[in-house]
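A single chain comes next, written as structure tokens; it is the form predicted alone.
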């Protein structure tokens, strides 16, 4: 292997690792606040890519009807309980998003506009999934929440297959630019992915430190009972955490779609690799999860070159030593929940 191939594989690994980093951060936010391992986050990766591909092809994405259905159900439940303020988030907002999506599909909006609408649709699904699947469980165990996550994953796979079909799709490259650094050609796509990743990590850091909602999330993640005692709304915290995790998944889907074709079930595998990175961080440490994401991406890239048929086996085998180490140093996480 010469230096050119080595650097090209490293570039590819860091690019995919940056995407896994976003997913790992989303998983950590959702888990730290709600104790739920958000496995369907990978399905939202596929939803974002497929939604954008549908809009570019001037087809109405099925995700907008899924969003409208969930919002209608949430609005009906809220009105039945006398919560008239739910009309804006569950009635007006999805109506505006639906009209914008239909107009963009009909008249062929620019790709950037379609991407923004796709982000809005998929991000809005996160709090609704939490509202119907996780919120009613209250203080259920981590195992019960994991079972719900797996069930929700299979439901979303079926919905994706019905809405988009089994054929894989890809979206146009975000940029065709490239730069020569010595003997290596650095693609503008890789640079764009890295810059978006850094921007999102910085924005999340600012959100958690500088905003009231961010401080509430940190309080809920640190001590759920203590946060409730000082007035932090645990329901709002859970929905906000899932919104952030869904936004990270949507961005990841839009970033990875130009690199590799995605189908209705491809996002699950991508989400699992983000989960591996989160586990390397002990489902608690953001810096370790970031390092784990870059390690996972790099190992996947090099193993795909040397032993492509064993690539996923090698990546997922990273869980074994990490889980052994965590079991020896931290004990049973169920006992701490």
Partner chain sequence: MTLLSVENLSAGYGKAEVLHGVSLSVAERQIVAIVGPNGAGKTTLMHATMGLLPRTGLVSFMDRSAGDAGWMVRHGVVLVPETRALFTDMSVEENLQLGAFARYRQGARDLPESMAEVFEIFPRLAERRRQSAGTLSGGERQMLALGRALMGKPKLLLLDEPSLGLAPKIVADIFRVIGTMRDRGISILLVEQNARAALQMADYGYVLEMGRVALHGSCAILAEDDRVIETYLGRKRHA
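Positions refer to the first chain, counted from 1. No experiment lies behind these values; they were computed from the predicted model shown.
Not pictured, yet referred to below: the form predicted in complex with its partner chain.
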Selected contact from 203, 99, 230, 112, since only one has a non-hydrogen atom within 4.5 angstroms of its partner chain in the model of the complex: 230
If the cut-off is 4.5 angstroms on heavy atoms, which of these, 243, 104, 74, 219, is the one near its partner chain in the model of the complex? 219
In the model of the complex, segment of 221 to 229, 114 to 122, 246 to 254, 170 to 178 with a heavy atom within 4.5 Å of its partner chain: 221 to 229
Please determine whether residue 212 contacts its partner chain in the model of the complex, using a 4.5 Å cut-off between heavy atoms. yes
